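To begin, one chain is listed below as structure tokens, in the form predicted alone.
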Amino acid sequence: MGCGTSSSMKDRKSENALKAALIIQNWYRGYSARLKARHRYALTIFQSIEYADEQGQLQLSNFFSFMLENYTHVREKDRELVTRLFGSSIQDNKDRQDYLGLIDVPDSYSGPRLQFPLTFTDIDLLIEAFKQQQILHAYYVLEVLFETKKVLQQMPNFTHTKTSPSKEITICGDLHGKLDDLFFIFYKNGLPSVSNPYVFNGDFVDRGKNSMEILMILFVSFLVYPNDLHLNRGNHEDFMMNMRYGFTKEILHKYKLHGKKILQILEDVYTWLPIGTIIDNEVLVIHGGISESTDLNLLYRIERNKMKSVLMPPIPLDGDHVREKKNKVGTTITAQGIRTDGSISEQLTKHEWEQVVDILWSDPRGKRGCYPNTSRGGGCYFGPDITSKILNKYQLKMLIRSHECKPEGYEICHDGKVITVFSASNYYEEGSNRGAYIRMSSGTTPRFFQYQITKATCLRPLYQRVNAIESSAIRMLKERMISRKTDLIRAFQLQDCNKTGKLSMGQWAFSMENILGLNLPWRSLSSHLVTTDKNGNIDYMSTFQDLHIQKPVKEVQSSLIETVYRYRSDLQIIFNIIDSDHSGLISMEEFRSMWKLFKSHYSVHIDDSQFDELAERMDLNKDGSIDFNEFLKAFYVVHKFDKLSKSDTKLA
């Protein structure tokens, strides 16, 4: 009897323990699912804003064509401007000595000294120097760029490479200036060599702070192993993209004396980078993707160096007849391109240009067909049927591409025929995503290697990492919202027929998407963005309660401040293009003229007198010139909670 009672109690205890374990397990699963959902929403915000920015960047191409027709100042500087935007590269007419002749490497320089012709030792030397945060002298940077250009000019648009079971190839995606990721890849996978070939699939630069170091390591490695290290052009190997996304600024900061020379030759080197790599005549490696009209035979033949920038499309012509007309710059537009000072500089045809844009900018999607890439504003979305069609047409088996940040560093789609690989870990924020690279050889399945670089000795708990990523994403989204405050309020008020100051969740979400166009789950994000009453109605003015744009001049209308803040990146690129000597200064006259053109093209309804007053106030020393970078820096968003945290710090 006693034994039976004891056994029954043990059974009940075991049953209770099992129930408790199941309850804990279910709770943890729900907890993990909620964290993953928050992480996913944060990544969606980052990506939506990133693509919207790229869309704005691509729209600048229309503005530059508009500017060419309407820019009114007829001076020598303007002819240089037109040549830079639409003409052929000027570096072909300049000798290497024009760049290097007057540059000395002083005895006091303690950084790496490269010996030409380069060897494996120079790769090692460079990597060790960069690990110590040393800067490669401008003389060596220019030498590397000239040598790289010379070798690239001998290469076809698509490089071919072969593997074997004993010789795998490694494929890396976007690095975006994240040097620690490159160091990690080389540490785990080995340095490039004849027996350890690599493909780097574009977007080496921008966003991260060490784009120059990555570029130098890759170019030096390429010069040592030109047949075993393959460099594909990405959409960020583009001087206009660099102006917005940071590489131009990095170069001018690190090379204050010779930065302009580096930028000039780099602009030319980009155009000679191959479009893609073909492995074992089976695997096509390109940066972005394909379209239903992708013609590899045409892409093999085009003169790729004519593609200066995706923002510089061929000048549109009416019909097939040659059309000539004088614009206000004194430049003749012909079917051959731009003619300045009697010389003809050819462009790609519109069809050729579109082919390259598709290769650099397109993204795969699950939906069948081929349709415009509305998120980025360039290239297309291509479905599994398009992948099969193009691969079959050219007897290929697989497409490997990059261009998109993936949470796990890679993604397989289209029945295994398309692989995306992205090698920049922590792309948006620390903990936001893993990086990955691929190893493969003929007849084998690709193998994926994932990693996530962290400076911390101990990885933070998942909830802390998700909190940090989510906070950063919401912060970025709120800055987007405040830049459209006037438009959003107008949209809210149109929905608020009874003038209550409140909207239903559906009305608020509709207004947000209608104005911002970010395709975000606004209902799910509402708890982070607005105040909701007990009936579920939203106080729509609470959308802006935590932040405002700092006004450099208090008397200026908010609508002008919002407009300048919203378009500050576009304006900075435009002013940088005009500022050909990189002085950071443009005249008040140029400043006003460009604003009027910009306002006209973008249909900005702001009174000129308001902008004139703002410009006058920003000319601090009254010399008739404006430091436009400082001007644009004066417009920034103040977050209420930043002030609170600073106050807390001071009190502590």
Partner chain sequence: MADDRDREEIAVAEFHKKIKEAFEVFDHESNNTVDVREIGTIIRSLGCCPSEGDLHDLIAEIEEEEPTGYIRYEKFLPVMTEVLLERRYRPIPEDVLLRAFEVLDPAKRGFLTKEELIKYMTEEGEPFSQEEMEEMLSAAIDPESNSVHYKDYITMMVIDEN
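If you superpose the two forms and keep the largest set of C-alpha atoms that fall within 1.5 Å, you have the rigid core. Keep in mind that this is a model prediction, so the values were computed, not measured. Residue numbers count along the first chain shown, from 1.
Separately, the form predicted in complex with the partner chain exists; it is not shown, and the next lines address it.
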With the partner left out here, check for me: in the predicted complex, does some heavy atom of residue 9 sit within 4.5 Å of the partner chain? no
Answer for residue 430 alone: is it within 4.5 Å of the partner chain in the predicted complex, judged on heavy atom distances? no
Should residue 353 be counted as a contact of the partner chain in the predicted complex, where contact means heavy atoms within 4.5 Å? no
Quick check on residue 529: any heavy atom within 4.5 Å of the partner chain in the predicted complex? no
Heavy atoms within 4.5 Å of the partner chain in the predicted complex: which stretch in 28 to 36, 606 to 614, 48 to 56, 593 to 601 meets that? 28 to 36
Would you confirm whether the three residues 164, 236 and 305 all fall within 4.5 Å of the partner chain in the predicted complex, going by non-hydrogen atoms? no
In the predicted complex, which of the listed residues (522, 130, 565, 184) lies with a heavy atom within 4.5 Å of the partner chain? 522
Tell me, which of 367, 393, 439, 113 has a heavy atom within 4.5 angstroms of the partner chain in the predicted complex? 367
Could you run down 531 to 547 and flag each residue that has a heavy atom within 4.5 Å of the partner chain in the predicted complex? none
For residue 26, is the C-alpha shift between the shown form and the other one 2 Å or more after core superposition? yes
